[in-house]
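A lone chain, given as structure tokens: the form predicted alone.
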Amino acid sequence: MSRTGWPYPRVLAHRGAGHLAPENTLAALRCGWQRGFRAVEFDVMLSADEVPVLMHDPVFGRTVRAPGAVAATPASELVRLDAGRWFAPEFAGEPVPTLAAVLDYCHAHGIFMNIEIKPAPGHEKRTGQVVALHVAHYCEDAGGRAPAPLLSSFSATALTEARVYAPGVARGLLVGEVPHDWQAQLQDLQAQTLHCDHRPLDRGRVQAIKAHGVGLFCYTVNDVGRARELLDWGIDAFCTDRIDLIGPDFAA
């Protein structure tokens, strides 16, 4: 794909397949794969013993119905927790996956990954380091036989560490509403793409960003009409929970 600033797939399954399977699980990846998705976004944070695992919330209670927190729980316990029952009975027993397991799955199936570094509060630096190292080793082992991943984060600290520990892996800055100094932030972090909430965007803002040749990615677009509008304005890509409504070739 030759779009300026965005050499990646244009429609990504958010957290695997957020509407059809429990988010950030291998079950979600399998669901997306079965529906033709070869591009996925997911969240990674560290366990108490610094094993990267897929999880969005730092504290249990929503997707894992148990007391506790990710950063206070060793990986050996995390992977035994039920991350599927909350979504639907048929997913009961679906475990919290490690990043290593997901990297293996995506490599085997040729899936592009937008890996969001999602540090628990106070763990920004180390999370950026560990996740970046895992991804750098993955890229080295893959030897070009798998789509190159993209690391993204709301944390400038995590992205700074990712630049040091995985300098060859592209980085995207995550924001809510696009700030007035977005160019300076990208330059300071040496990030290649800008990822933002689609809701505050309008045509003028999109075109102003794209005039600088920056890859522009939006989250989380679940309405078909809005997805078409954003693409017409010139965004490069977006992620969606509604993979039942918006297919992988929607932007073709």
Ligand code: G3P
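Small disclaimer: the values here were computed from a predicted structure and weren't measured. All residue numbers are counted from 1 along the displayed sequence.
One more form of this protein exists, namely the form predicted together with this ligand; it is left out here, but the text below deals with it.
**Student:** Name the single residue among H56, R226, R38, R35 that comes within 4.5 Å of this ligand in the predicted bound form, judging by heavy atoms.
**Tutor:** Of H56, R226, R38, R35, the residue with a heavy atom within 4.5 Å of this ligand in the predicted bound form is H56.
**Student:** With this ligand left out of view, choose which of V130, A71, V102, L174 has a non-hydrogen atom within 4.5 angstroms of it in the predicted bound form.
**Tutor:** The residue in contact is L174.
**Student:** When this ligand is placed as it is in the predicted bound form, which of 157-165, 132-140, 114-122, 84-92 ends up with heavy atoms within 4.5 Å of it?
**Tutor:** Contact-bearing stretch, as computed: 114-122.
**Student:** Report whether the minimum heavy atom distance between D43 and this ligand in the predicted bound form is within 4.5 Å.
**Tutor:** D43: yes, in contact with this ligand in the predicted bound form.
**Student:** Does at least one non-hydrogen atom of F60 fall within 4.5 angstroms of this ligand in the predicted bound form?
**Tutor:** Flag for F60 set to no.
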